[in-house]
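In structure tokens, the next block holds one chain alone, the form predicted on its own.
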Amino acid sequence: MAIDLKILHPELAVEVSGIDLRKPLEADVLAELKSTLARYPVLVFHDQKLSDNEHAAFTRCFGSIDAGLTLASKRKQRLKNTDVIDLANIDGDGKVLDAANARNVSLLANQLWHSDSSFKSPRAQYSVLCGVDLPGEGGDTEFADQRAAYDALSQAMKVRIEPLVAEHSAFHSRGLLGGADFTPEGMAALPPVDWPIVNTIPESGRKSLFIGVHTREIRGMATAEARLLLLDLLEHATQRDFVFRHVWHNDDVVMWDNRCTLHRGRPYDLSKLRELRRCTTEYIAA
């Protein structure tokens, strides 16, 4: 089976059709999707009404499931399939959370530029996000190409950052927004991890930045200098030319490579339901 591609961004995103994600993937289709991801690290699928089990099964075709921030949370899970991360702004009874609810801090932190699970080891590879029930306006998701961002750096900056290693913390971003409902025990379950600021994507051989809001220190550099450099890199890496914006519709599925993209949600009316669900795979380097 050949899948059909429609380019949405020249370097970053394509729409994929001719495939039903509810069904098991044939080997040639899986190979073609992986090949497409190596070229365009954001894939958009429309009209894919997946159950949680189907969502998880599709994701597992690309690797082991990543637990992400659920490792640090004792909150009762609303979904039966624990491989699927609940990103809905509702409580267990389906009621939209008050804007001041502590859970909304974690949801709102998704509006900061980040890479999923960069704060843990192993870090994430692919994320698969399903739009279940979206508001009429707002809440789009933007993606920034970190390969193109690296290519556009000056040679002097490339030389400067090549040896640098950054510390990533899951709770740095939450702290910027006033904290969240994580206990000391939960935070201890996800200690900070270190990753090189520049990494090479094996499937394409391209170099990519690996930064985002979870980065808070650079090893061997004073905190103030490190954070200013990280802010400068983030500003550079999220220029409009590097960004694709996805406008959600119910039953959309968006898949991306966390190793070479950043993403963020955009604002929406917090009094309105916004329900998405995500599965993510771990990246086990060869």
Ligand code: OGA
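All values reported here derive from a predicted model rather than from experimental measurement. Counting begins at 1, following the sequence as shown.
Just so you know, the form predicted in complex with this ligand exists too; it's not on screen, but the next bit is about it.
- Listed residues D98, D91, D140, E203 were compared with this ligand in the predicted complex; D140 is the one with a heavy atom within 4.5 Å.
- This chain appears without its partner; in the predicted complex, the one residue of L129, I161, V193, A148 with a heavy atom within 4.5 Å of this ligand is L129.
- At a distance threshold of 4.5 angstroms between non-hydrogen atoms, N110 is in contact with this ligand in the predicted complex.
- Looking at H9, you'd find every heavy atom of it more than 4.5 angstroms from this ligand in the predicted complex.
- Taking the partner from elsewhere, A13 is found to have every heavy atom lying beyond 4.5 Å of this ligand in the predicted complex.
- The closest heavy atom approach of H114 to this ligand in the predicted complex falls within 4.5 Å.
- Stretch-level contact analysis of 114 to 122, 151 to 159, 170 to 178, 185 to 193 against this ligand in the predicted complex, using heavy atoms and a 4.5 Å limit, identifies 114 to 122.
- Residues from 225 to 258 that approach this ligand in the predicted complex with a non-hydrogen atom within 4.5 Å are limited to W256.
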